[in-house]
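For reference, the chain that follows is the form predicted on its own, supplied as structure tokens.
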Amino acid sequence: MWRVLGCKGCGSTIVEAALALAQIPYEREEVAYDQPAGRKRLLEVNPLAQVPTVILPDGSVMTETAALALHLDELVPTAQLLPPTGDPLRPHAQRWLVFLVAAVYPTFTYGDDPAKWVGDAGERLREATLEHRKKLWRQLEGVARGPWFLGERFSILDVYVSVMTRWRPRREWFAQACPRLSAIATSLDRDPRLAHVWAANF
């Protein structure tokens, strides 16, 4: 059994959704990473004490949502989390998958708890990362094809959009500033395959 160490509404939701789409059963362990007990639990298996941390059936540990998405795509290609090798959409999907985790995600790393990094200057960092994040989301809005990010083909990118649009600047802003991304997010809210994931996290 796969075991996902995560917390409600966090990036671990992306991994839970990917597992659900791949029809892989998993156990969910709620871990408050910002509390001493949760941090201690995570440090047992992940030196960064971050979620998601996933314990695979063989006892090995995986972290990083993109790595897990790529692994699941190889493990269960029928889930179609990404276009198959040779499909001209695959490089496009890979590019924006890495963009989400390498460009957008760090704005939360530094902006969610800015005092951790810069002390009293934290509020300025919080505002700056939010504005930069909006710029990045507008860039993604410009390449999203609709009705899904890759066009007619659903992918793990749509899961990222659905989950991450629930975070600052939140859904209301997306509805106004990024209508294509907003439409992707709200469409996936209604996907019955993910109903239990959304219920557990949001």
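Residue numbers here begin at 1 and follow the sequence given. The structure displayed is predicted, hence computed values, not measured ones.
What comes next is about the form predicted in complex with a small molecule, which does not appear here.
Heavy atoms within 4.5 Å of the small molecule in the model of the complex: which stretch among 22 to 30, 62 to 70, 136 to 144, 150 to 158?
Looking at the partner contacts, the answer comes out as 62 to 70.
Should residue 10 be classed as touching the small molecule in the model of the complex when contacts are defined as heavy atoms within 4.5 Å?
Close contact exists here: in the model of the complex, residue 10 approaches the small molecule to within 4.5 Å, heavy atoms only.
So, in the model of the complex, is residue 49 in contact with the small molecule at a 4.5 angstroms heavy atom limit?
Close contact exists here: in the model of the complex, residue 49 approaches the small molecule to within 4.5 Å, heavy atoms only.
Residue-level question: is residue 116 within 4.5 Å of the small molecule in the model of the complex, judged on heavy atoms?
Residue 116: contacts the small molecule in the model of the complex.
is_contact(residue 85, the small molecule) in the model of the complex, heavy atom dist at most 4.5 Å:
Although the small molecule is absent here, residue 85 would stay clear of it in the model of the complex, with no heavy atoms inside 4.5 Å.
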